[in-house]
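Below, in structure tokens: the form predicted on its own, a single chain.
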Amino acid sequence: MNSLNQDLCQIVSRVEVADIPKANQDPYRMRFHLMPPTGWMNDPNGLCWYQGNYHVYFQYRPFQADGSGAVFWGHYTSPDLLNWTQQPVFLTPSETWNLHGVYSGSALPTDDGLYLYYTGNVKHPGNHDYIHTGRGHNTGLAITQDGIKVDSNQLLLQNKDYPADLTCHVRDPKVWEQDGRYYMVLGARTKDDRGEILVYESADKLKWTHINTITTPQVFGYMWECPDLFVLDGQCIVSMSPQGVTQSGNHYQNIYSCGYFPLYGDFRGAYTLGEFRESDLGFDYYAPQSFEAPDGRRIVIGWMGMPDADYTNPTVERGWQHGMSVPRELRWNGEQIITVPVRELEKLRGERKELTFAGKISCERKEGADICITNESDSLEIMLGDDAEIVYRCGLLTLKHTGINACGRTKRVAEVEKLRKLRILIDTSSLELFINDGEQVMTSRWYPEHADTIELSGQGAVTIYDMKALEITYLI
């Protein structure tokens, strides 16, 4: 690790020592979600299982909660997804090819170390639009033996190494091993504003050759960020976060989306893409990344935020912003991905309350809750505290924010032919809705004045579990 990288890590540690105690006094700090120790958090990076621990690296701006400032990689580890340790900052903008930020990337666990591929961002001075000129999006590689400190850092690919029809926007490498070879996908934007994914191949993890491009026959957004490619129960899946997709009815309601195509054929050669489905229909979910757990499960974590949104978070004034979704398990049911919270979270369940209702009922809850509802009618209404209203009627499930601290959030709608089950994870400033055992998901931040009541109107049964907090150790 070079001396500048080391110095920057020490500076960040001093900032965290000063700010973490203050941040943790904030009532909006969540109980069972990962958050930045201080400052700003966005994309999850380098998700993996390595040497007996889950590793969650993440985009991190430790000095500014508003999203400005230098971009680092923060780092959490856990043996069980419940007990977490905040590790020292891992990557810093300390090389010529990453001077303006160590952007998103992924992990490749190997016998000779953990390989972390990432985008090094450089903005050259001058009169540039930073789309067609002026930006360097470089693919870098940091190698670590222990997963905690960088042992080596090198530049692998520059803009000149990408296809000639692309803009400067090529980023977010996701790397994996398959059939004795190594593969990398990169998100890209063409000069005629078409989003696509580049496929690279390598024999040694260092020298990479472009072998294919994945895109749609018709333009589907101008940029495909945060690509992922994996096999789920025998089905090849291409996941990404497209920018520039226009809202169509109840689809693509956010400024940017995230979702997946089933891929038929061979991603390295001839292929066709199936229907695109959105991964999450709420306000705050973007840039998800998946990885394989040691037991073979495919787990995904997303950033509980949305870039360039017209809604905000009041925690900026308290010195921090954003968090991660709970880890979620992915399954393929033959037609679509099913997404459910990982089973480890059930160990956080505490006191249980079971109720049936035919009409309107009201009950109280504590700070965190796991609510499991079985619906037996054509309509259902739920009021959470004084801010969030969930209404199912006429085949539509609507999440509305109605409180004075909605911060610009209004409503999001999911098309649900028949609502059978609804699971709601409630944290102090987040909501995650899992519809019909994970057929659809809606994620949102929320900031109620009071959140200790639940009202249900309809017919069915509900089980409410109090949720304990994650154990998080801060290295200060």
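What you see is a predicted model, and the numbers here were worked out from it, not measured in a lab. Throughout, we count residues from 1 along the sequence that is shown.
What follows is about the form predicted in complex with ligand FRU, which we do not show.
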(Q) With the partner left out here, check for me: in the predicted bound form, does some heavy atom of D43 sit within 4.5 Å of ligand FRU? (A) yes
**Q.** Distance check, E225 to ligand FRU in the predicted bound form, heavy atom within 4.5 Å
**A.** yes
Q: Give a yes or no for Q59: in the predicted bound form, does one of its heavy atoms lie within 4.5 Å of a heavy atom belonging to ligand FRU?
A: yes
Q. For Y103, is any heavy atom within 4.5 Å of ligand FRU in the predicted bound form, or not?
A. yes
(Q) To verify the annotation, which of these, W320, Y117, Y286, F291, has a non-hydrogen atom within 4.5 Å of ligand FRU in the predicted bound form? (A) Y286
Q | Partner-contacting position among Y260, Y76, W303, W208 - heavy atom within 4.5 Å of ligand FRU in the predicted bound form | A | W303
Q. Residues in which of 166 to 174, 261 to 269, 78 to 86, 376 to 384 have heavy atoms within 4.5 Å of ligand FRU in the predicted bound form?
A. 166 to 174
